[in-house]
Every structure is written in structure tokens, then in C-alpha cells.
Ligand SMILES: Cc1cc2nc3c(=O)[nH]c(=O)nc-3n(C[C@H](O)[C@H](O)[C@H](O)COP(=O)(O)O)c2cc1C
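A single chain, nothing else alongside it, follows as C-alpha cells in the form predicted on its own.
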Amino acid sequence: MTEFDAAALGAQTQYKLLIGSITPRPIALVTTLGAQGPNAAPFSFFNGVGSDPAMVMFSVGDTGGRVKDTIQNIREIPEFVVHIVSDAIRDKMNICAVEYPRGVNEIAEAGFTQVASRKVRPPRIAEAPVAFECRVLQTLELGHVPYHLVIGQVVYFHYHEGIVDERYYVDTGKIDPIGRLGGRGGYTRITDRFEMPRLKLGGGVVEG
């Protein structure tokens, strides 16, 4: 085994180990709204939290001692929209990752279509195959940077036509999501999938 004591490693080294090991990471393209207008930014420290109610989380680190626009906006209006990034919109998502000055509308800079949300004030992006309108449940400041952990409740679901069937099963292939890998600019597509039945204690498989 190759082993490391975290106490002996710097923050950048620990970051490299984490992002190279926790893969693929789903990408949340998050839109928010504040006093200086809307903002869009991607985050790959992102996932679901629970389903009763439906909850998601993402983590935002400060940059050079400056709180990112996403967090500043959430402090002003505690709502956001998470978009799942498909392969078709990856280049526009990448534009949203640029560190623009506060007040720049990344949605417009990327050439996305901005549309009104149903239940929250921040806009959503029409080109994204999946969007979750969310209200903030809790924010936590963690670590030395600090990292702002945002937990939100999903209050409205959006899907492009044909992704969800009448039984609410989602066709992941039709979303065509991309995921984040380690290294500089590392991404992956879902091009190889398999199924493995969930086993019951004592034998047999879980149905449904």
C-alpha cells in the first residue's frame, strides 16, 4: 500500500489526492441571483443528500481570500438552481467557470438561454437537460479556506422531453451527463454502463 499521513501533507497535495480518487464527480452548474444580477458557475464537489425532502449539496471554496459570487448571491437571496451538465453544453459550462468580475452575467457570456424559474427567483438555463430549483436549508463554513457547504431543498424539477417516463424513471443516457476527473481539465462521459442486482441478506435479489 502507498500511504500518506494527512497531517504531513499540504492543502494542494491533499486536493490532488482527493480529486484524483473521487471520480467521476457530477457537475452542478449553479445559477444564483443577487443585487448585481444573475451568476452561473460550475462545481464538482456536488451530490444528492436525501429524498425526504429532496436535497442536494455543493461546496464552494473562496478564491484568493475573496468570497465567490455564488455565495455572495446566496447570502442576498437564499435560492439557487442546479443544472446537470450534458456533453452538448460542456463548452458553455466551461465559459461559466471563468473568474469574471462581480456583476458579469455568465449565462449571457456563455451564450445560454436564460429563462424564468417556477418557484425561485434565480433564473435557469434552458439548454440544460435537467434543472433543480432549490431553496437554501443550511450553509456551513468548513476548513481553512473556508469552504462554503450549501445544502438546498429541491422545490421544482425540470427535464427535457423524453428523459423521464410515466413511472418517473430517468433515462440517464438521454441526459448524456459528463463528470469531472482529476488533473487539469479532466472530464469523462457515460459511455459504458452495466447493471448489478442488489442482493438480499440470505440470498435472492431486491426487486424494482
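Position 1 is the first residue in the sequence shown; the rest follow in order. Computed from a predicted structure; not experimentally measured.
Not on display, but discussed next: the form predicted in complex with this ligand.
- Here the chain stands alone, but in the model of the complex its contact with this ligand, taken as any heavy atom within 4.5 Å, falls in 36-44 among 154-162, 167-175, 136-144, 36-44.
- The putative spot formed by Val82, Glu127 and Arg189 is not touched by this ligand in the model of the complex; no residue has a non-hydrogen atom within 4.5 angstroms of it.
- The shortest heavy atom separation between Val98 and this ligand in the model of the complex is within 4.5 Å.
- Using a 4.5 angstroms threshold between heavy atoms, Ile74 stays clear of this ligand in the model of the complex.
- Interface residue remark: Gly61 is counted as part of the site for this ligand in the model of the complex, having a heavy atom within 4.5 Å.
- Contact annotation: Ile27 falls within 4.5 Å of this ligand in the model of the complex, judged by heavy atom distances.
- Contacts to this ligand in the model of the complex (heavy atom within 4.5 Å) from stretch 56-77: Ser59, Val60, Gly61, Arg66, Lys68, Asp69, Thr70.
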